[in-house]
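Heads up, the chain below is alone and in the form predicted on its own; it's given as structure tokens.
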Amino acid sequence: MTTPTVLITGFEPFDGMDENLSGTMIRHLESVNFEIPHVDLQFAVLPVSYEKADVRILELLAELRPHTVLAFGIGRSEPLITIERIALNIDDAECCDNCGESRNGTLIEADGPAAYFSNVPLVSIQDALRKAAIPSAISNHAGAFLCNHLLYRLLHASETSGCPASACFLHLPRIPWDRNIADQLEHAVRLIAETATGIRSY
């Protein structure tokens, strides 16, 4: 079986925050040389900018040709992991990105569908996390800022070009980084990547 490439992304801090847990997680995974057997893992921290994030993710897709993209960001959710089911074709957020751009009711893809469903096995991912006692939930709404924007871009690329074959977005809560969180997220990323690629079945 061909070894699947899995790209795992997070975001840099924004809106005056000192830390974005998703970006901190990516830097941590890189620093500990995190590995999963039979999976080629690649990592990237994306800019919180509509234009710059678009450019960077398209560069990564062209360079790495990942089978699966697991995109992480932060939200206001209570569980450690919130798995997003749907991406809407709209940018509509009160806050500006890190370049000062605000979008209100702007289509992401002028000719794209109103929404895409994530094409990874969300229920299986949640089941794997629950069995590992990692707090998780499935959500139907990824917001209308960069998190939703990125998921829509990824699923549009999946639908129109086949790369990536699958993608999902996962929200982390706004909590401080510590050793316990690091351990839980390492375990969670392993389970999510294995389940999304079918390396293991649960």
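Treat the numbers as computed from the prediction; the structure is a model and nothing was measured. Start at 1 with the first residue shown and count on from there.
One more form of this protein should be noted, the form predicted in complex with pyroglutamic acid, which is absent from this view; the next part is about it.
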query	finding
Of 57, 147, 155, 70, the one that lies within 4.5 Å of pyroglutamic acid in the predicted bound form (heavy atoms)	147
Single option in 120, 108, 74, 129 placed near pyroglutamic acid in the predicted bound form, where near means a heavy atom within 4.5 Å	74
Option from 60-68, 27-35, 155-163, 139-147 whose residues, in the predicted bound form, bring a heavy atom within 4.5 Å of pyroglutamic acid	139-147
4.5 Å heavy atom contact, residue 48 to pyroglutamic acid in the predicted bound form	yes
Distance check, residue 20 to pyroglutamic acid in the predicted bound form, heavy atom within 4.5 Å	yes
Residues in 82-119 close to pyroglutamic acid in the predicted bound form, defined by a heavy atom within 4.5 Å, in order	none
